[in-house]
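Below sits a lone chain in structure tokens, taken as the form predicted alone.
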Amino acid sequence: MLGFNPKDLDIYRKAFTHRSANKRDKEGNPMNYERLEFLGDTMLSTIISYHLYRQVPSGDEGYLTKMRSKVVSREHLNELGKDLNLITYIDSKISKDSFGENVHGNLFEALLGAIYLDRGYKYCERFVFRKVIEPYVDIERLEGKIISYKSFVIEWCQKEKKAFRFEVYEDSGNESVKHFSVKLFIDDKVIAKGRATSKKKAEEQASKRAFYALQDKMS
């Protein structure tokens, strides 16, 4: 998976140890992937920033920031973690089926942090180039990629001077986990509905459906 031989396997073991395992190192510090996740997040952002800076010399700060956020979005990181099937290596007292989507991206970032500590920046950069930049970072495609459908819809409504609002309505589902149902109104007309385990996710889902319903106008 890495493309090289690790020097210190203990770092990688930590990168796949969940806090539920309740492990501690020799100094008594908690041993889990959260600190490595923080470090890996920083390394990924730095490497992608440098790549975009070199590839798009005409891009200003706002453009480069927006493009970077598309590459390192939580959704994309989760996809990367899934592609590498990282969850199969996790050391946890929690069932793998009980984890949310974000665990995949968290493990990917922790792995990057481990690579940096084990072999340094160059190895980390090569890994990111091979696993992230080469297969996924296409400048033209990224320019057209929407990160948040809710933000896109709101910006479009404001630009077109259209009134909009999200309205939570009663959820009649029987699931044990609470769900939120949301209607998106544009000019007092229901354009789309969304349903998810949080109000934020339900609004995003409704916005995505509204985008596809009005794609010709919004494009």
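Position 1 is the first residue in the sequence shown; the rest follow in order. Everything quoted here is computed from the prediction, not taken from an experiment.
Omitted here: the form predicted in complex with a further copy of the same chain. The next part is about that form.
Picking from 190-198, 177-185, 64-72, 158-166 the stretch near a further copy of the same chain in the predicted bound form, with a 4.5 Å limit on heavy atoms, gives 64-72. Heavy atoms of V153 never reach within 4.5 Å of a further copy of the same chain in the predicted bound form, leaving it off the interface.
With a 4.5 Å cutoff on heavy atoms, Y121 counts as touching a further copy of the same chain in the predicted bound form. Contact check for L117: a heavy atom falls within 4.5 Å of a further copy of the same chain in the predicted bound form. Residue contact check for K14: one or more of its heavy atoms lie within 4.5 Å of a further copy of the same chain in the predicted bound form.
For the three marked residues, L84, K93 and P135, no heavy atom of any sits within 4.5 Å of a further copy of the same chain in the predicted bound form.
Residues V56, P57, S58, G59, D60, E61, L64, T65, R68 are the ones in 54-83 with at least one heavy atom within 4.5 Å of a further copy of the same chain in the predicted bound form, listed in sequence order.
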